[in-house]
Structures are given as C-alpha cells and as structure tokens.
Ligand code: NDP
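One chain follows as structure tokens, the form predicted on its own.
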C-alpha cells in the first residue's frame, strides 16, 4: 500500500478514541485532538463530564463512553458505539493506565497486584488495539498511539516492578504492531513520558530538580506529541517510542 508523504496537521472530521480520558493526559489529549478538528470518543471507566464539557465548548462532536479496558466485551461495546455514531475510526490513543504501589520491598508484591496492574496497563492496550484493528484495515489505515513511560525505558524513577514491566511491554507491543500494520497503512507509535503532573502522580515525590529542563511535565506536553503522531505530519514514522521527559533520558 502506498501512503502519502507527511503534510500539515489537519484532523478535520477524523474520529479518535482516547482511553483514560476523564482527566490528566487523557483529557488534555482529547482537547488537543478536538482543537485540530477531530471528533472524540471519550473512553474511561470513570465518568468524564469535564472532558466532554471542554470538547463541546470548542464546538466539536464528542461521545462519552464508560469502558473497562480489562474486559473484552466492554471494549467491543465502546468500539461499536463509535462505529454506530461515526461509521469509522481513524485514531486510537491507548492512554489508560494505573501506577500501583511503588513503596514496597520487591518481595512484598503479590500476584494479585501484578496481575491487576498488567491487566489494566498492558492487556488493555492489546484488547483495545485488537478491537479497532479490523476497522483500520477496512478503511486502509489509521494511527495508533500508545502511552508508555520512561519507566519502561530505564526501569523506573520511583515506579514499582509491575508498572515498569507493563510499560516495557507496551513499548515492545508498539514495535510488533507497527511491523504488522505497515503494509496496511496502520501506523503504531508510542510515547514514553517522564514525570507528569496528573492526579495519578499527586502523591508521588517527583521534584523539579529531577529534570534537566527544571520542571515536571504537564499533560499538554504529552498531548501535543499525540496530535503530531495522530496526524499526517508523522507519515514517515512508525514503530517508534518518542521520549518526552524533559531531558532525563537522552538517547
């Protein structure tokens, strides 16, 4: 399949699904994609009234869907609702995730903790991408963006073993899916954020002086990279993990 060369960002009438969209990076991503003209499927296990309000205030179409990304049936229901409403899916942003307890000694972590976090962070990415994949194939392509973490690159700053493993798994999945999707026009890329100020990290002891740029990241720092990867501006990039960490990791 031949795909066009990169061009200016324009997401007018594109249809995007964003998981973990009720707050933090997910909410900022929804707003940024809507600003560029996309219709948004706001997906979260929690209600997302603030995200929906922000999108509607911009005059963009939005569909709020409560979805448990650990459950295949819940994911399929969410995808079906998007297709019923818009007839297509152009962009999937796999953002939903949890941090888990990072304060324990290694030997204190239980199997249940490990399984629950990996089901949410890694299995959720697999199941959501799998559910969207047939529609991307049918329409000759689309963009998939998966939010990983610097923890999956360097073994964590403060994160626990289960979180690091889940994010490293996402990075590997991105590369596998990008290889499978390339001939179909399906781009798959990841983002590895450093410490970002979100509700998930509120109680974590991240400090500005950990970062060479002298500040912690904001959700918008990640959202704008999502916009780039979701758009035709990135039409020669696939299978990459983009580091967005203020200079903590330089490769």
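Everything numeric in this text was worked out from a predicted model, so none of it was measured. Numbering follows the first chain given and starts at 1.
Same protein, other form: the form predicted together with the ligand, not shown, and the subject of what follows.
Just to confirm, with a 4.5 Å cut-off on non-hydrogen atoms, which of 42, 188, 38, 69 contacts the ligand in the model of the complex?
Contact check passes for 69.
Consider the chain as shown here, without its partner, and state which of 210, 58, 182, 200 has a heavy atom within 4.5 Å of the ligand in the model of the complex.
For this set of options, the contacting one is 200.
May I ask you to check whether residue 147 falls inside a 4.5 Å heavy atom distance of the ligand in the model of the complex?
Heavy-atom contact with the ligand at 4.5 Å: present for residue 147.
Would you please decide whether residue 129 lies within 4.5 angstroms of the ligand in the model of the complex, comparing each non-hydrogen atom pair?
No, no contact at 4.5 Å.
Since only the chain is shown here, I'm wondering whether residue 154 would be in contact with the ligand in the model of the complex (any heavy atom pair within 4.5 Å).
Result no; residue 154 lies far from the ligand in the model of the complex.
Residue-level contact is defined here as any heavy atom of the residue lying within 4.5 Å of the ligand in the model of the complex; does residue 98 satisfy this criterion?
Flag for residue 98 set to yes.
Pick the stretch from 172-180, 104-112, 137-145, 88-96 whose residues have a heavy atom within 4.5 Å of the ligand in the model of the complex.
That would be stretch 88-96.
Neighbours of the ligand in the model of the complex among 15-33 [non-hydrogen atom within 4.5 angstroms]
The stretch 15-33, when checked against the ligand in the model of the complex, contributes 20, 22, 23, 24, 25, 26 at the 4.5 Å heavy-atom cut-off.
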